[in-house]
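Only one chain is shown below, in C-alpha cells, and it's the form predicted on its own.
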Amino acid sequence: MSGTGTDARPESHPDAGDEGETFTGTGLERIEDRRILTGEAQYIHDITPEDCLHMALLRTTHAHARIESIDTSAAENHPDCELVLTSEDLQAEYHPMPCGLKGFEEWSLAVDTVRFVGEPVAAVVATDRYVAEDIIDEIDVAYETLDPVVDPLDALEDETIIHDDIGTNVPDGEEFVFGAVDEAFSEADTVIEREYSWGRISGVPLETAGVVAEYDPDADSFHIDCNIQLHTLVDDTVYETLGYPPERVVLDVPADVGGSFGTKIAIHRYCSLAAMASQQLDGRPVKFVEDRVENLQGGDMHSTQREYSVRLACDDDGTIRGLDVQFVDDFGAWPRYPVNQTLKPLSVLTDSYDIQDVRYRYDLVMTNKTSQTAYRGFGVPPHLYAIEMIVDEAARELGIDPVSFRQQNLIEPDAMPYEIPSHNIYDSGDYPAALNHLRDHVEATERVDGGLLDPETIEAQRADGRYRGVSYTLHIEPGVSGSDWTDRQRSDREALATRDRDAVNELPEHLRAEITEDGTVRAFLAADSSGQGHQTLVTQLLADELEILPSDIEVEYLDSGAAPTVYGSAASRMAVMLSGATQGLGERMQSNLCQLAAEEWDLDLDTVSYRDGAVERIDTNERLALSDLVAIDVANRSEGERLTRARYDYDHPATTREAFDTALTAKYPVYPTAAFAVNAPIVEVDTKTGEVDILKFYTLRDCGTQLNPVIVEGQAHGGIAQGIGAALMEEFGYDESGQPQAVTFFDYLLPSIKNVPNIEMQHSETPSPFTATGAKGTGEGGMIDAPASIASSINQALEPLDVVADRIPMTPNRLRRRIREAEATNDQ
C-alpha cells in the first residue's frame, strides 16, 4: 500500500457531531482547500527529482502532410542534447498507443504522415526545458503537404482520405431505432425539421498536463508521476504502449490536480514518451509539462464538434409523437481511447420528455484537427441543446406557449422509475412540479414593477434595440456511468443481441482503511481526483459510520500499482460510488472491531456493540477505544489477518437491479441516477452588436441526497460558468487550411466575473432509490444544461425577430448576422 503524504485531516466541525446529528449532509469545509489556498498543494510542476532532465516536443505546423525525411543530426550534436526520439526509435522498441476504434495504429510520435497542427514529430531531452526547446529547432523535417479536410460535412464525401489504411473518413456510425418512428412521423399533424451546430470547445484546466517519469534499470520498471485522469482505468494506454505488464508501470497521481474535466484522460502520449526517454537514458528521470499553447492547440484534448439534423413529430394539440436525431461528429485526426462521446446521449435520449418513438443516428468523421477526448458532460450538452432548440421551434410553429408545450410533454412523477426508449432508467423526480416552482418564483420576482422582466422595462429596452427574454427548461444529468458499455464500438455488435447478463463486466468502487496506533483512521482511495473534494466526502461519511470526529480521519490516494482497477473520477460517479463504498467500509470495519473485542473479552458477538468510536460490553459498559483495539490486533494477529484493516468494493447500482439488464447486456449507456435542473437565465441581446448579457441565472437543482451542500453548490456554479462559456464565448476554430485559430487565451475566451452573472440557486432533494445513500451524480451539471437554457432564452428574447440560436457558441458576430438576415427578410 502506498499513498500521498498529503495532510487531509480536518478541524472538527463546530455544528455537527452532537447527539443525533451527522456530518453527512452538512457543509463541512473542504479539507483540500486549506493546502490549495495556502500554496501548500503539490502539483506535477512541483515534482523535480534530483538529476531530472526535461523534454520538449517538435510539433508540426502542417494540418496534413507526408513526412519525407527527418534529420536530427544537428540536434544530436548540440552539446546540451541528451536524447532525440523519432517514430523510428519508437517503432524499434515500443508499441502504438491504444486507439478508440479498431484498425487504427497511432504512435506517440507521428509516423510517415502528420494529420493535425500540433501533432508531435520528435522529442528532445536536455538538461533544461528552455534548452530542449532551442534544440528542437535544430531538427530538420521535410514535408510534402497534402490537402487538409477541415469541415466535417466535407469529410463525409471522402474526396481526400486522412487515413489511407482505413480507406474512409467515416470509420464508424450507428443507427438506433426505438419504437415505431416512421409511423409516428407519418401520422403526426406536424413535422418540424431543423439543423443546428455545436462548435468545438473543451475543458481548459488551470494546470496543464504534466509527467515526471523514471525508469528503474534494476527492477526493469517505471514509476510515473503524472496528472492523468482515471489512472487505474486508462493505465493500459501507458503500459501497453511501453510493452510492459501493469505491475511494472506505476502511475502515481498527486492528491491535487489543477482541473481536468475529462481532458486529462488522454495525456498518455506524454506519459509514454517521458517513460521511453527515461529508459533510453538508463533511468534518469524525465519531466514534461505542457505549455499553454500546446494545451490549446495540440494536447489531444478538444471536445466534440457536431452538425445536427433534428426532426420532431407533433400533433396540433401539442403532443410530441416522435424524435429523430442525426448528427455528424467531428472526431479530429484520431479516434481517442478509451471511448468517444457519441453514445452517452442515449442515456438521456429524450431528456425530460415522454417520447417513445425515437431514432438516433450518428456518423463519426475524421478531420485534420486535434483529436477529441472527454469533456464535462461527455457529449450530452450538444444533445440537450439540439432537443431544446427543436422544442422551441415546434412550440413557435404550433402557436403554443413554450412552457405549456414543455409541461404537456414532461415525464410525470407517477411514471418513476421511468425507462426511456434506449433502456436507461430515470430513478426519481417530479419534473412538472420543479418547472412550475421555478417559473412561479421567477415570474413573481422579476415580472413585476422594477424587476428584470418588468413589461415596461422590456418595452423600453426593446426600443433601444435590447431584447430581453427568459425560457424555462428542465434537463436531466445522467450520473454514475457504467463501464461495460464503453467498448460497444469495439465490440461485435451483432453478437450483442444474444449477450448474456453474466457477460456484463462492471467495475465497483474500492475503498480501504486502517486504524493506526493512536486511533487515527487512514482511508485510501483507488480513484484520483482533480478537485472534486473526494477527501472531504469520505471523511464526513466515514466519521458518521465510525462515530468519530472528522479530525480523526486521514484520506490518501493509492497509485495504480497499489489500487485495483476502478472506473474512477468521471461521469458524475464519485459522490454515489464513494459514498456507497464508505458506508459499506464503515459497516465492515465496525463488524471487524466488534469481533476483535468479543475475542479479547471472550464473549459472544451479540454481547458487544459499537458506539461512539469504541466497542463496549453490553453487560458492564467497559469500552475498548480504537487505539486499544489496534494494540490487541497487533499483538494477536499477523499482518495479513488484521481486523483493524478493512476494504470494501461498492458495486455499480445498475448491476444489482434486473430492470437494467436490457441496457447492460446490449451495451447501451447505463446511468442509474438522473439528477435534474430547471434553469431560467434572463438574457438581454443587444441587436446592434449581437452581444448577449445574462442578467441573472435562476436555477433549481436536484441531485438527490446532498452529501455536502457546499460541494454541490460549488460543482453547480463551476458547471454553469463553463456552460456560459460554451454557449457564448469559447471555441477552437480552424481556418480552411486546418490552422487552429485559438492557441492563446486572447483567442480562446473563457468566462470570468464579467460574464458570469448572479446565480440564484435553489435545491430540492429527491433521493435516488437506486443508490446506497440516495445521492445522485452531479459533477457535470451546469455544463450539461446551461448552454441549452441560455440558447432557449435567446430564442425567447428574439422571438419578435424570428431569430433562433442555431449554433453554439452564439458569439456576437454570429448572432448579429442572424439578426441582420432576419431584418432583411422582414423588410421584404
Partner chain sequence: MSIETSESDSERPVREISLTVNGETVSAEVEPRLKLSDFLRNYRDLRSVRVGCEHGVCGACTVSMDDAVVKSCLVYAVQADGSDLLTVEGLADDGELGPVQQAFHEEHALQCGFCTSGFVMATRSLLKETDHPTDEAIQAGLADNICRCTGYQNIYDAVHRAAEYTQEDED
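All values reported here derive from a predicted model rather than from experimental measurement. Numbering follows the first chain given and starts at 1.
The discussion below concerns the form predicted in complex with the partner chain, not included here.
**Q** Flag V141 as yes or no: does it have a non-hydrogen atom within 4.5 angstroms of any non-hydrogen atom of the partner chain in the predicted complex?
**A** No, V141 is distant from the partner.
**Q** Is Q42 part of the interface with the partner chain in the predicted complex - any heavy atom within 4.5 Å?
**A** Close contact exists here: in the predicted complex, Q42 approaches the partner chain to within 4.5 Å, heavy atoms only.
**Q** According to a 4.5 angstroms non-hydrogen atom cut-off, is Q706 in contact with the partner chain in the predicted complex?
**A** Output for Q706 is no: heavy atoms all beyond 4.5 Å of the partner chain.
**Q** Report whether the minimum heavy atom distance between I36 and the partner chain in the predicted complex is within 4.5 Å.
**A** I36: contacts the partner chain in the predicted complex.
**Q** Hey, of 753 to 761, 331 to 339, 646 to 654, 155 to 163, which bit sits against the partner chain in the predicted complex at 4.5 Å between non-hydrogen atoms?
**A** The contacting stretch is 753 to 761.
**Q** Taking the partner chain in the predicted complex as the reference, which of A742, V204, V121, L398 has a non-hydrogen atom within 4.5 Å?
**A** That would be V204.
**Q** Go through D324, D134, E506, D633 and name the one with a heavy atom inside 4.5 Å of the partner chain in the predicted complex.
**A** Among D324, D134, E506, D633, a heavy atom within 4.5 Å of the partner chain in the predicted complex occurs only for D134.
**Q** Does the trio L233, S569 and R816 actually contact the partner chain in the predicted complex, every residue with a heavy atom within 4.5 Å?
**A** Heavy-atom distance to the partner chain in the predicted complex: none of the three under 4.5 Å.
**Q** Can you name the residues of 114 to 131 that have a non-hydrogen atom within 4.5 angstroms of the partner chain in the predicted complex?
**A** Those in contact are T127, D128, Y130, V131.
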